[in-house]
Ligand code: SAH
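Shown next as structure tokens: one chain only, the form predicted on its own.
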Amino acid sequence: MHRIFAHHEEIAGDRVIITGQRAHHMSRVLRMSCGDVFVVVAPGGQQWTAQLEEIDSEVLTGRLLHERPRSTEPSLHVTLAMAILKGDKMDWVIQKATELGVHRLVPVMCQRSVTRIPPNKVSARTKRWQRIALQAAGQSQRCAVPIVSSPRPLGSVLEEVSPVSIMAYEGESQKGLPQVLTDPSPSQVTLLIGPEGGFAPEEVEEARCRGVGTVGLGPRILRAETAALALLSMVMFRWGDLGHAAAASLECPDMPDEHPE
């Protein structure tokens, strides 16, 4: 069933008004017609089953039939601070991290980053990444869209890390995830993943000074995109909801009103 994320002003009573790219996608790409059923998700996480009633050019009107109480959001809020990768690898990480339940994604500029985004293209690239997160959230039936921040230098990210923060570092031979994941379940976690060439030694030292724990992910060297999803999966399995049976009737938590077109 198709899923749309609506703004507050688009829901009035038992009606939802859909405009812009979402309306175009539903009418022109999916070729939905009057009578078709879809899911509406509000910024606060409420969900309804809705029925399409009217198609007028680029504006669609739907009627809210009944509320859907089930939540798909983890109680653990994970921020993935990911070094910007070349090609479409960054797109892939954002898509898969969204499916796994990440709360926020921060593209990071590191010393060894191969990809450098020109200043005049930062806004467009960030919007593209946010659209990918939006599409992945709909596909995976989430009731919130992860926030994708504008690219930031690593030093700026390290100033705002969660009390529980983990940096994947191939040079760490003393501590692995089994030692870290024994801690009591936190409510927020920051995960830091370096670029193709890894973090520079001074970046690792700065992170440690900020209280970030460095961990090795095993005896094999993983690509950056593999390391990101492996670490996220293990954290979501231990402290989040990955691998758990689906709950039948939970309410969605309040989320920021940041649902892009």
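One rule holds for the numbers: they count along the sequence shown, beginning at 1. Remember, it's a predicted structure, so these values are computed and weren't measured experimentally.
We do not show the form predicted together with the ligand, though everything after this point is about it.
Q: Could you tell me if Leu222 has a non-hydrogen atom within 4.5 Å of the ligand in the predicted bound form?
A: Yes.
Q: Examine Val106 and determine whether its closest non-hydrogen atom to the ligand in the predicted bound form is within 4.5 angstroms.
A: Val106 lies outside the contact set for the ligand.
Q: I'd like to know if Glu53 sits close to the ligand in the predicted bound form, meaning any non-hydrogen atom pair within 4.5 angstroms.
A: Taking the distances in the predicted bound form, the answer for Glu53 is no, it never comes within 4.5 Å of the ligand.
Q: Test of understanding: in the predicted bound form, would Asp36 fall inside 4.5 Å of the ligand by heavy atoms?
A: Heavy-atom contact with the ligand at 4.5 Å: absent for Asp36.
Q: Establish, in the predicted bound form, whether Glu170, Gly198 and Val215 all lie within 4.5 Å of the ligand, using non-hydrogen atoms for the distance.
A: Per the other structure, all of Glu170, Gly198 and Val215 touch the ligand.
Q: Which one, Ala207, Met234, Ala227, Leu60, lies within 4.5 Å of the ligand in the predicted bound form by heavy atoms?
A: Exactly one listed residue reaches within 4.5 Å, namely Ala227.
Q: Look at the stretches 86 to 94, 162 to 170, 120 to 128, 149 to 157 and give the one with heavy atoms within 4.5 Å of the ligand in the predicted bound form.
A: It is 162 to 170 that comes within 4.5 Å of the partner.
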